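Just the one chain here, laid out as structure tokens, in the form predicted on its own.
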Amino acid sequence: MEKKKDKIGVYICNCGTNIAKVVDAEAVARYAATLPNVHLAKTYKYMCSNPGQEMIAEDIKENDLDRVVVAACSPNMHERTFRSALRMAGLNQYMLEMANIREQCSWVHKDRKAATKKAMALVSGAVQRVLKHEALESMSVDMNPSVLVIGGGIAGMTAALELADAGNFVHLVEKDDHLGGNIARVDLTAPYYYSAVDLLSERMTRTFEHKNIQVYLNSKLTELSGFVGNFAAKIQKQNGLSEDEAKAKEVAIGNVAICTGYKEFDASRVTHYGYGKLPNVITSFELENMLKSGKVETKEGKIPKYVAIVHCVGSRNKEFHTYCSRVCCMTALKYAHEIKSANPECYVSDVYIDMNAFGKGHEDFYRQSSKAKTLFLMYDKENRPVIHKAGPKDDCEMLIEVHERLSGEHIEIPADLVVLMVGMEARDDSHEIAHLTNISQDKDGWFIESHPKLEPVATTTDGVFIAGTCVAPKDIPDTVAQARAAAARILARISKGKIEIDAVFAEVNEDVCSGCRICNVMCPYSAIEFDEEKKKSHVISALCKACGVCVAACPSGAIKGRHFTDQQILAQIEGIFSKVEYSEPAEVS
């Protein structure tokens, strides 16, 4: 019996003007229609939109398509979207191939003719490759409803309570001897002067008393093994150990939420501010302690006549951190209000680079501060202020030299007390947490999300989620929202009872495996284990991300990457090097 001929549908996305402005999408579609086995080729303004997906699904049904090629953005962005369209039409989701004609074509080229020819070549490669695709079936594993939450600050407690209130057991691990995190060090919050203690106390009480939450203080995660839905975690007490407490407790969990927070920047690293040398140069958290005590005074016990607040200490600085720590500006305005309230005769100077008033109510808060007789001085981040001790004839403890940007003048500001607005930094133990949970960090040490826009709380390790200021600097509302988002993602998985595992993973041919263990060492996801009895390596499919490192590294050629076979890759290369012709259409006069 003659084998049925494959019928391929090719879909070219304009992506608004992201692609169509540089690539002649219509010409690419016309070219695709001439390729072998291509039954139809279409363009659409936004292929990832619901109408675009519905069009693909309807074409599959009406034209009996076997395979689909979508030329659009990065597969990392929308491969799952188009797989869903195939499933909706009853076609195996792995009969899809994407050609990236946005990030790898239209975004990196200006020559329309060259970009269009490149898009044609990429589509040709995708068509050749999709012919080699095989129908793969995803697997599913049982989901353990218990959850591990690392970090007992506002993010960790919020996530834990959301999960526990839904009926799931939560193991909440906190390294300190108390809950609350960095917010426990704060007096009032901007812009509405809510008490930080009041914000935390309700959550702390509920967390300790909740029947579905086990709190581990002075504890840390020491080991995490297994995979999504079936993790095993070891929790170790850190100090004051009795003989029973010295043994790590092992708990079974299905998901992990990391909410480990941040640490404050060490102000002594900025030497020209004199922190640690000039006694009345303090950090924002040291001022918080003063405000809690009800007294804002110098080290000598005097009420300061002049107070200066310096922004961006450790932030927006090439030498330390180039990012903005986000919360400092509004916190500085809060300090100005509180200092003036405690001492109405005090002169407050606010020395800043830019005023970042991004949140709800923050712009109004800034306008109120402008009317409260606070002197605002703008400095350039390349020409930062210098603080030094005042002379015997000066009516102050210190002088701050500022090159004021708006006036262009070099100004000396008097100060009896200087408050340094220290930025946020990734915690020292963040590398240890990343290693234990197999997630990534950026150059500044923050944990990396799976996708900054579409997957802001997920990571590349299935079942491990991140929330709060361990991801990047953010304020309390954003931290709480992200913690709830992480909890919602976990709850959605728990509700299904099982978790689907992607069918794209590596496989070891034991007949060829030499047992050299090179793949075990090189796997970045710890997805390969060694069977001591068989002396062979084995891939844990639930952990594998199909990155291909083991396939390339295996000296015996014993490892095959499902959906990334040699035949598929070679077919794609052959298609890309096919000869393409394109002539720009003549302009209509």
Partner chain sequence: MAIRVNPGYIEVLDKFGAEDVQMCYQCGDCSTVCAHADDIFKFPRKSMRQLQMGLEEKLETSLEPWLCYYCGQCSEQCPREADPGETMMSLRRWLISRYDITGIANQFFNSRTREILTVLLIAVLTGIYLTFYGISGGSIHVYDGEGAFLPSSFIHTFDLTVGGIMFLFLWLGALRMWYFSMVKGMSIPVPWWLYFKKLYEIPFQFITQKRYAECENNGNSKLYMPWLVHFGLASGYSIMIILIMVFVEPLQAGPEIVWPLHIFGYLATIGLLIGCIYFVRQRIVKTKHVQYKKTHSTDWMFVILLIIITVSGIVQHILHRTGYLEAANITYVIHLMAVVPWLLRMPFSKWSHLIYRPMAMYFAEIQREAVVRQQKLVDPLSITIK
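Owing to the predicted nature of the structure, the values given are computational and were not obtained by experimental measurement. Numbering follows the first chain given and starts at 1.
Missing here is the form predicted in complex with the partner chain; even so, the following discussion is about that form.
- From the list 421-429, 377-385, 81-89, 316-324, the contact stretch for the partner chain in the model of the complex under a 4.5 Å heavy atom rule is 377-385.
- The shortest heavy atom separation between Ile411 and the partner chain in the model of the complex is within 4.5 Å.
- A residue is said to contact a partner when one of its heavy atoms sits within 4.5 Å of a partner heavy atom; Leu406 meets this definition for the partner chain in the model of the complex.
- Residue contact check for Glu297: none of its heavy atoms lie within 4.5 Å of the partner chain in the model of the complex.
- Looking at Glu250, you'd find every heavy atom of it more than 4.5 angstroms from the partner chain in the model of the complex.
- The contact with the partner chain in the model of the complex, taken as any heavy atom within 4.5 Å, belongs to Tyr306 out of Tyr94, Phe265, Phe231, Tyr306.
- Residue-level contacts in the model of the complex: of His272, Lys211, Lys371, Lys360, one residue has a heavy atom within 4.5 Å of the partner chain, and it is Lys371.
- Across the proposed site, Ser349, Arg367 and Glu401 without exception bring a heavy atom within 4.5 Å of the partner chain in the model of the complex.
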